[in-house]
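Read the single chain below, which is given as structure tokens and is the form predicted alone.
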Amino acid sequence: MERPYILHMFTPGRQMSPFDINMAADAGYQVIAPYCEVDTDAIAGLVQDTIFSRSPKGLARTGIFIGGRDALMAADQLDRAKKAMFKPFQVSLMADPSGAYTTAAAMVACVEAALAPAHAQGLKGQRVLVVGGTGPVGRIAGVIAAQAGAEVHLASRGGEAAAKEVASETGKRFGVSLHGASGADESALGAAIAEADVVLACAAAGVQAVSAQTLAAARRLKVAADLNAVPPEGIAGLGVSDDAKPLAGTSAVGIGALAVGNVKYQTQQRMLQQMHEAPSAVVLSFPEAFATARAFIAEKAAKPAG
């Protein structure tokens, strides 16, 4: 009998995301087993139960997905899972807490593509301001942009001190330099936006993080991207479907939530399919998500119009 494709899904939360379960089923997994309230100390035992219950051939049809809502905890759990395995007892691993890794990767890849026509080096040397930078997507978007050569500032409504604390913690965890910026009020956010080449709006849904008044200070802005698909728009004047469309009142172009969301969906689907189809174990995190998002955007750009 042919061994089924099994995906074990771990989350420290009270439930696994239905979005991720649906995506896993669409990627071809036949048995999907969610495990809730999984703390980091439990990871090694669960992984070893997974790898010792099947032969190496069966393990090629076995995967582990790590979810949750904490971007740093997911990275820690992924590390624990890797350390719990050894050849030939290895399975494919993927982390994407609340879609933060694939969403952040898609957002930064979209911005990089929008910069490319005028700036051949993409994000390298650009000053990036992440509004809502202390959340999971904001943190990882900042890390990805920093790894791509940008100078990254994470802004927090809690003020500069709170932003610096998160920037320091996140930067140390992933080996990059991140800075903090105040987003406590319009004046502080305007001052930060005035120095930004790129603005990434990663604030909560239904919240306008950047008003028209604040945006007016963006004198050197090249690209703005927004993840909020719930009215009002996260960045004033930036439509959810805009895809490198001129942003009114600025010399920049804007990328809306649905444009980013399409790339995010394709990125997560391709990564799950890669796990499903890989002949040997793979480990997928946000660097792999960024590479996948870049590849999808390049493929889309290469297709003839119409």
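Heads up: residue numbers just count along the shown sequence, starting at 1. Please read all numbers here as calculations on a predicted model, not as lab measurements.
Absent from the display: the form predicted in complex with a small molecule. The rest refers to it.
- Judged by heavy atoms within 4.5 Å of the small molecule in the model of the complex, the contact stretch among the candidates 141 to 149, 114 to 122, 98 to 106, 80 to 88 is 98 to 106.
- The listed set V207, A191, L72, A216 contains one residue whose heavy atoms approach the small molecule in the model of the complex to within 4.5 Å, identified as V207.
- With the partner omitted here, the residue from T170, Q126, S92, T134 that has a non-hydrogen atom within 4.5 angstroms of the small molecule in the model of the complex is T134.
- Proximity of C110 to the small molecule in the model of the complex falls outside the 4.5 Å heavy atom cutoff.
- With a 4.5 Å cutoff on heavy atoms, A225 does not count as touching the small molecule in the model of the complex; it lies far away.
- Using a 4.5 Å cutoff between non-hydrogen atoms, C202 counts as a contact of the small molecule in the model of the complex.
- Proximity of G261 to the small molecule in the model of the complex: non-hydrogen atoms within 4.5 Å are present.
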